[in-house]
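Below you'll find only one chain, the form predicted alone, shown as structure tokens.
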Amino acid sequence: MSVHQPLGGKLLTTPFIILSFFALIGGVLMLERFIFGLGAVSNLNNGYAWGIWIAIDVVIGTAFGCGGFVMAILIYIFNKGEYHPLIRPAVMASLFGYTLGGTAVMFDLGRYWQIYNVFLPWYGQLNSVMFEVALCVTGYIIVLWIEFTPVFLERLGIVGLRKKLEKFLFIIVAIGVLLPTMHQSSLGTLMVSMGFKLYPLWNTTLLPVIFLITAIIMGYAIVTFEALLSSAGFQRPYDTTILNKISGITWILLLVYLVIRFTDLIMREQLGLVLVGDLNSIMFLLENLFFVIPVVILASRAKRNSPYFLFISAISMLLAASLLRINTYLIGFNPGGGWSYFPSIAEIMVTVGIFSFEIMLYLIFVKTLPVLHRVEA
């Protein structure tokens, strides 16, 4: 079992101050949106009721937060204790991704002050995919905070309560594995329900499976990305032995995904659309190019031991799965009626502000809480 400790050090560094600036801009624009309405800061319209606040902040943001989900499967389901040093950073990243993603939903709600109606049983629509996603995401946010509570208790020195909580933590972990499996697949189901409005390259009944597999891939990719970046940034040794094994798992998942993806296109007789040359085909090729790059890199055992190649493959996987979600929710979606959408500067800055705030929280947590495992100087 690994021992964790705070990194310590200054909080008000130059990167932290720069991030604070972007977070402040995003906060001001959020306030303007809540006071003056969606039209004051966004280009959303009756055709495109969802913009980048849903596609990026929620759909991609929660997929970025799957690190805790996938590491819990490895450590607690498959009993691979060797990966334990990575569990706390992974859960923390999930905590930030889901909490801020869940909060970002409110930006898109016209009557955000009535969001509590989602949780009132007499308003529940059991046949609604969106209702299921809302409940699962909310439930998983609660689960993640409970999973992370031992870190706070350890920092405060409340040992007795922490040990009691850890005895029952396996129940919370089990729920934490179930909930993302449900709502990550349902984010694909949500777009299946759009029918003919979704371009054929992404319009498939396999979208739930595709979204779930790529969410798992993103989970392992973000764990690798965060581990390598924190090691470089905080001058800690690279966990290449552990990351090598994780990359082997990810490589298999990538192959499975690509087989499913292109077999589906062939079976639906839509493969020809890949070479049409329009925006949809170009974005599809770009999306899958980023899926192929890590397959080529991780096929080499030597490159799996290289922090450089592991980092490149992790970034490529994150870009690939993010493009899949952007293509499905925005590029490949056409509501008809001549509607068009491109995000406003304010929308973009709100998203930048949210991600900046997330990185700020990461820096605060790793420097003040026992999140990262202890290493020799």
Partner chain sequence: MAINRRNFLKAATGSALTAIVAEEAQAFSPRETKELPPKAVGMLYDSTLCIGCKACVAACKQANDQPLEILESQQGWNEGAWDSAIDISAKTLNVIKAYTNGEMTQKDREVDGYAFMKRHCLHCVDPSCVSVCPVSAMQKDPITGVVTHNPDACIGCRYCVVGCPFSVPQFDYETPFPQIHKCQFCSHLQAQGKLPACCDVCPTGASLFGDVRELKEEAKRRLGAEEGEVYEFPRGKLGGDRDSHTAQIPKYQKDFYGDTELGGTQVMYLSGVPFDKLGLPTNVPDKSYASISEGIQHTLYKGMIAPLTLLSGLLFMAYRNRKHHDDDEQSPKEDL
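Residue numbers count along the first chain shown, from 1. What you see is a predicted model; the values in this text were computed from it and never measured.
Beyond the structure shown, there is the form predicted together with its partner chain, which is absent from this document and is the topic of what follows.
Is every one of Lys164, Ile348 and Leu361 within 4.5 Å of its partner chain in the model of the complex, counting heavy atoms? So, no: the whole triplet misses its partner chain.
Taking heavy atoms only, is Tyr76 within 4.5 angstroms of its partner chain in the model of the complex? Looking in the model of the complex, residue contacts with its partner chain include Tyr76, since a heavy atom lies within 4.5 Å.
Indicate whether its partner chain has at least one heavy atom within 4.5 Å of a heavy atom of Ser344 in the model of the complex. Answer no; every heavy atom of Ser344 is more than 4.5 Å from its partner chain in the model of the complex.
Leu156 near its partner chain in the model of the complex, any heavy atom under 4.5 Å? So Leu156 does not count as contacting its partner chain.
Just to confirm, Thr149 within 4.5 Å of its partner chain in the model of the complex by heavy atoms? Flag for Thr149 set to no.
Which residue among Leu289, Leu279, Leu178, Leu229 has a heavy atom within 4.5 angstroms of its partner chain in the model of the complex? If I apply the 4.5 Å criterion carefully, the residue I get is Leu178.
Just to confirm, with a 4.5 Å cut-off on non-hydrogen atoms, which of Met130, Ile249, Leu285, Leu271 contacts its partner chain in the model of the complex? Among Met130, Ile249, Leu285, Leu271, a heavy atom within 4.5 Å of its partner chain in the model of the complex occurs only for Met130.
Taking 4.5 angstroms as the heavy atom distance cut-off, pick the stretch from 59 to 67, 348 to 356, 331 to 339, 307 to 315 that is near its partner chain in the model of the complex. Looking at the partner contacts, the answer comes out as 331 to 339.
Quick one: which residues from 194 to 225 get a non-hydrogen atom within 4.5 Å of its partner chain in the model of the complex? Sequence-ordered list: Met194, Gly195, Phe196, Lys197, Thr205, Leu206, Pro208, Val209.
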